[in-house]
Structures are given as structure tokens and as C-alpha cells.
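Encoded as C-alpha cells, the following chain is the form predicted on its own, with no partner shown.
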């Protein structure tokens, strides 16, 4: 259920170092691979010479960002990246505050559970806990979701920045599936409905046959700091969710909010 979005267009790229760009692209490429890659594969993917890529890999390996298999000579992302990612993820209070509640929500509903936050104007998955059904989701921490086409996104449009909501609603609305809302008027009506009832769904809007039920998490300032959701096949989470599912998700979100000193 990975739905990476394109970077925002129209902004001039700041000056930088092309050498560092290439090294970072190499790290990004290795992170995305399901298995170690050869020097030739990396060089071809990045349109660079093997000699140049090798120099970067040696430096990255020295700092723990890349590791090389002794048996095959192939390269993969290093343990340092996982350590840094985990350290960064813990900076978001909602992750640590929500972990126990997310596990309980998964156990009570049987469905996969996700938590998201808006970071630098992008909606990012911070955590995924697989459910107890036969379906597993490929969404992983760091995945970007579409604000207009996801239940998490609708929560952020309903309870987050009004400026963001206006910008998203009046911007291009990509159709991920035939069910995706691509009308400005329809999206704003949906956002208003979400604001009134306190939860959002997105049946078939990102992936056909999949639905998500999301609710907002607030901090002590009554500011939206996260959203949590259950994710599953539409046969388990219908377009109009079961009232018990709604109670579970909304209740979990409220308990996490109280853990962040929210007083609703």
C-alpha cells in the first residue's frame, strides 16, 4: 500500500554539492532494494561510472551507512541508517505515546494499524503494525500518503492547517483509483463531514478493495499532531464502518491524545 507522492514542483533547487547528491542517491537506491545490489547495478541505476560509485560506497561503508557482503561483494544499506531512523522517529512524541494503544487497537480489531504525521507539508507514515488477517500491507515508516485520497489525509485536512486544506483542495487532485475524490467541491464537502463526525474513511480511494478508518490525535495545545487508523480489506472494514470499529479507533485516538495532555 505504498503511495509515494512526487515532490512539490515550482520551487528552485538550492545550490548544493553534486558529489554529495550522488552519494545520497546511492544510499536512497540501496534502501529501496529488497536485496543487496552489485556495483554495476548501482552505477547503472544512477547513470554514473563504477569507479565513481565505488569511491562513494567506500566512504559510506566507512561511516556505517552501507555494508558490503563478504561472500558476493554486493552492497546494501547499513545498520547506521536504521539506528538514525529509529532515533529520529522517537523524536515524534506520538510514536512513543501511541505504541501500547496501537497494539491494543490491533488486538481488538484484528486489522493493521498505522500512525501518521504531517512533516514538511507531506503526510508520512510513522508506524505500521500488521494485523491478524492473512493480508499484509507493504506500507512502511517513511511512506508518503496523499492528503486528498487517504483517510489519514482527510483527518489532516479536517483538523489541521486551513492554509494546507485550501492549497490541497485547489491544487491538482490525482486519481489513484476510479473512486478517488478529484473534485474540489466534493473534497471540501467530505472534509467538512469528517470534521463534524470526528473520523474519516477512504474506501477504494488509494487501492481498490482496501479501506482505512482514521481519527485525529491532539496535544495539550489542542493542535493536531497525528492520526491513527486501522487498515484492511473492504470486506473487513466496509465503506460505512461497523460502529464498534469506529468506537475502537476514535477511543484509541482520544486516549493517545490524553497521554499527550490533551483535554477534550
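All values derive from a computational prediction rather than experimental measurement. Residue numbers count along the first chain shown, from 1. Superpose the two forms; the largest set of C-alphas matching within 1.5 Å is the rigid core.
There is another form of the same protein, the form predicted together with the DNA; it is not shown, and what comes next is about it.
- For residue 54, a non-hydrogen atom is located within 4.5 Å of the DNA in the predicted bound form, even though that partner is not displayed.
- In the predicted bound form, the DNA sits within 4.5 Å of a heavy atom belonging to residue 49.
- None of the heavy atoms of residue 24 is located within 4.5 Å of the DNA in the predicted bound form.
- At the 4.5 Å threshold, heavy atoms of residue 39 reach the DNA in the predicted bound form.
- The stretch that touches the DNA in the predicted bound form, counting heavy atoms within 4.5 Å, is 67-75, out of 109-117, 184-192, 67-75, 155-163.
- The Cα position of residue 222 differs by less than 2 Å between this form and the one not shown after fitting on the rigid core.
- Relative to the superposed rigid core, the position of the CA of residue 246 differs between this form and the one not shown by less than 2 Å.
- Core-superposed comparison between this form and the one not shown: the Cα of residue 71 travels 2 Å or more.
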